[in-house]
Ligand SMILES: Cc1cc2nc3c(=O)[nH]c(=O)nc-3n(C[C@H](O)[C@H](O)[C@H](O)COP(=O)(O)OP(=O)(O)OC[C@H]3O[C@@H](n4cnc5c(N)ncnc54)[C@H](O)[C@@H]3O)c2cc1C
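One chain comes next, on its own, written out as structure tokens in the form predicted alone.
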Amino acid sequence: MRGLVWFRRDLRVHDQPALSAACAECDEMIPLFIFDEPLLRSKEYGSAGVQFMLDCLDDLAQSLAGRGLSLRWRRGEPVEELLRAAREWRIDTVYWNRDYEPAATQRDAAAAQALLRRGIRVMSFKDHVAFETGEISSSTGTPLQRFSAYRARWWAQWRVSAPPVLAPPPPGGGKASPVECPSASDLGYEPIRRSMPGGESEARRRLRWFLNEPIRDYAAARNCPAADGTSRLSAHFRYGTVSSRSAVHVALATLGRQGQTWKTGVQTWIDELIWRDFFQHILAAFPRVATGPFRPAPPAPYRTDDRLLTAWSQGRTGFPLVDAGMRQLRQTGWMPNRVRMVAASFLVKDLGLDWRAGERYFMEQLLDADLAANNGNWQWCASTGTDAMPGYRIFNPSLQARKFDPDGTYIRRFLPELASVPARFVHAPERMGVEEQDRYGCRIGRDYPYPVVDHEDAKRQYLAGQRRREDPHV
């Protein structure tokens, strides 16, 4: 039997359900990746994400070649290209791992129907999450809408039937020549300097490094943006160069070896993986969140102000922690989660702008741009989501900076104009007098902007707007 494995967001050979099934069942197997031309043209993802994906594909091609398999690629409308490949190569069965984004589920349904009409068998597998929506639900069978309840059911399901980790396919008879994938320029994207290497090899190396020690202090270190205290595997989970279930297995094994002193760090990190599954669960159960708020409510009084949106996106708001994060995002395609929350809260609750503008911008810039996670976190910060941040809780950027970057190390790393500003001013440089500005080489309004809003005034306006939404008679 001849099989085709359609790689999508599962660019690895270890613990790869579709690949494992195809290798077990088929006499001959062809791995295929399709560059989605309509998606590329939409520019929904930016150059950073595309370059990371290409790195992942290069690494995958090398791994497959070592197993005697040559990765093929095509470019066009995915269903059309898949059908064309299946016909040309006389495929008996097509294998893929399931995706839960609304557009992806529609694409896969169309592909399955078209293949079945042509007498070609379709096999799909759970991969991107530990448990799918149907495996975790309320006592009445409805989708869970609170993370605390989801987390409890997730752990209960894990204890009963933890998903196994699959061995990689063994080396084949000989070595194939690795395919050369197109470049970012070939795909219509601007080439950029790599800030974080992609690929399964790098994902496995990074995971080993993180579990060797940093995970022990993860609960505290993840909030300190100047420290390398996180796994930085989010982009790898997004492109599937490592599976979340295998990460949970090895993290629990690490806890078993190291003992209770590591418990808080390990469990906090696994909780982040459960949050990731939870957002996938919400997107699959409630696909409407992809374009609008989860919680039905009167329209928020968002304003449209291109000047403020530009200042935020370029890191020129006059709030150093927000600006450092946004400039790191533009330079590297990544930002620590604590800073993402502060920047998102600032856009919605200080600037009064629509959260969807920020969501779109993050999707364009992030290496780990993932619809479910990005949407879920933005809705949490905007108080429109499932486990939404309460509308009356508003991050104070200056207080957050003083707490988590007290000496300004992170701020100075991405705001060189504040490099010589001492710690007592670095979180609010506008408080310097003219003589101090000259002494430290940073003129406010010239080298670094004045704050675009007054945080306390913006907070009062936001809270007043919330009260009016809740009671129109106020």
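Because the structure is a prediction, the values reported are computed rather than measured. Throughout, we count residues from 1 along the sequence that is shown.
This protein has a second form, the form predicted in complex with the named molecule, left out of what is shown; the following refers to that one.
Even though the partner isn't displayed, in the predicted bound form is S313 close enough to the named molecule, meaning a heavy atom within 4.5 Å? The answer is no: S313 has no heavy atom within 4.5 Å of the named molecule.
Flag D387 as yes or no: does it have a non-hydrogen atom within 4.5 angstroms of any non-hydrogen atom of the named molecule in the predicted bound form? No, D387 sits far enough from the named molecule in the predicted bound form that none of its heavy atoms falls within 4.5 Å.
Might V289 be said to contact the named molecule in the predicted bound form, defining contact as any heavy atom within 4.5 Å? Flag for V289 set to no.
Just to confirm, R340 within 4.5 Å of the named molecule in the predicted bound form by heavy atoms? Residue-level check for R340: yes, a contact with the named molecule.
With the partner absent here, would V13, A85 and W89 each sit within 4.5 Å of the named molecule in the predicted bound form, counting heavy atoms only? Not a single residue of the candidate spot has a heavy atom within 4.5 Å of the named molecule in the predicted bound form.
Candidate stretches 110-118, 259-267, 229-237, 156-164 - the one whose heavy atoms come within 4.5 Å of the named molecule in the predicted bound form: Among the candidates, contact is made by 229-237.
Given that the named molecule is left out here, which of Y361, W275, Y189, F404 has a heavy atom within 4.5 Å of it in the predicted bound form? Contact with the named molecule in the predicted bound form is made by W275 alone.
Only one of C381, M326, L347, A203 has a non-hydrogen atom within 4.5 angstroms of the named molecule in the predicted bound form; which is it? Of C381, M326, L347, A203, the residue with a heavy atom within 4.5 Å of the named molecule in the predicted bound form is C381.
Scan 354-371 and note down the residues that get a heavy atom within 4.5 Å of the named molecule in the predicted bound form; none is a fine answer too. Residues within 4.5 Å: F362, L366, D368, A369, D370.
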